[in-house]
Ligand SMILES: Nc1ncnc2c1ncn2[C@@H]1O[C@H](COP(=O)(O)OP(=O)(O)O)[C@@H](O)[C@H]1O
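Starting off, we have a lone chain in the form predicted on its own, written out as C-alpha cells.
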C-alpha cells in the first residue's frame, strides 16, 4: 500500500494543507506544536477511521471550528487507486467515503489500508498497564480479521449492558436475574471467540516477533510472549470462562462490574524467561517495542497481502541516536514510512542517502516546502 497524497482542511491547526508523498521514506519536520503529528493523525483517520491518539472527533476540528475533512489518494499492492475522504461536522458527525461511496461501518474500512503506528504513547506498551497491551492486540487483529473486529464490537456491547445491570443492582438493591443471564451468555459467546483468536495470534506472532528482535539486537537475549487470560484455563475456554463468572458473581454484584473476560486479559513480555517489567533496562524496553512494531508490519503483510504504512511520531524523543537509526533503517526496509522530527540533525546521514526519500517541512499548520 502506498499513500500518494493527502489534503487536510480545518484539521487541528491545518487550515488547508496538501502533501504529496514518496513511496519510500517521508520525513515531516518542524518545531514543536507546528502540526507534524497532525499529518500522521490525518493518515490514521484515512486508514483506521479515527485518531491513533484516541482523541474525539470534535477535538480534532481546528480551534474555533466545528468541521474538518481529510482527503487522500491511496494505491494498493494490486495497483488499484482509491480516493478516500473523511468529513466531520458537529451537527452531522463523521462520514467516511471510499471512491465517493459512503461507508457506514468502520469495520468495512479497517484492514483495507493497514498502518502500524509508533508514537510516544506506545512506549507504555511494555511497562504500562494491561490495557495498553490489549489495545495492541485489538488493533493488529482488527486490521487482519473483520470477524475479530465484529466479535470485539459485540463483546463490548454485551459488556456494557452487563455492567449496567450489575451497577443498577448494586445501587438499587434489585437485580434483574433473567436479563443478566442473557447478557452473560452473550458475553461468554463472544468472549470465548476473542480469547481463542488471541491465543492463536500470540502463538503465531511469537516467531515473527523473535526474528524481528534478533534483527535489532546482536546479543543472546531471547524474547518470549505469553497470553495471560483473566480466568483460570483448564482446557475449554467457554466452560472455564463461565465457571469463573459464576465464582465471581457475588463479588461482581457488590462491585457493580464484570471482573473476568477479554477486557481484563494481558500479554506477558519476557526476556530470557524473566518479565521485562521487572528487570529490563529502558533501552531493552524500547528495543522490545520497536521489534513488536516491526513484527506487526510483517504479520499484517503476511495476512493481508498489503504492506502497511509505518507512522513513526517523534521517535527521537524516546530513542537514542543508535537505536533510532537502527529502528528507522529497519522499518524503512518494510515499505512506505512517515517520520516526524524537529530537525534532521538527530539522524545518521546515511539514512537519507537512499533513493525515494522526501522531506516535508511544517510551520504553523502549513507545509512550507517539500523536496526529494
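Computed from a predicted model, the values in this text were never measured in an experiment. Residue numbers count along the first chain shown, from 1.
One more form of this protein should be noted, the form predicted in complex with this ligand, which is absent from this view; the next part is about it.
- This chain is drawn without this ligand; in the model of the complex, the residue among 315, 331, 60, 46 with a heavy atom within 4.5 Å of it is 60.
- Screening 318-326, 331-339, 300-308, 62-70 for residues having heavy atoms within 4.5 Å of this ligand in the model of the complex returns a single hit, 62-70.
- A residue is said to contact a partner when one of its heavy atoms sits within 4.5 Å of a partner heavy atom; residue 361 fails this definition for this ligand in the model of the complex, lying far away.
- Shown alone here, residue 23 lies farther than 4.5 Å from this ligand in the model of the complex, counting heavy atoms only.
- Contact annotation: residue 54 falls outside 4.5 Å of this ligand in the model of the complex, judged by heavy atom distances.
- In the model of the complex, this ligand sits within 4.5 Å of a heavy atom of residue 13.
- Contacts between stretch 33-72 and this ligand, counted in the model of the complex as any heavy atom lying within 4.5 Å, involve 33, 34, 35, 36, 37, 38, 59, 60, 61, 62, 63, listed in sequence order.
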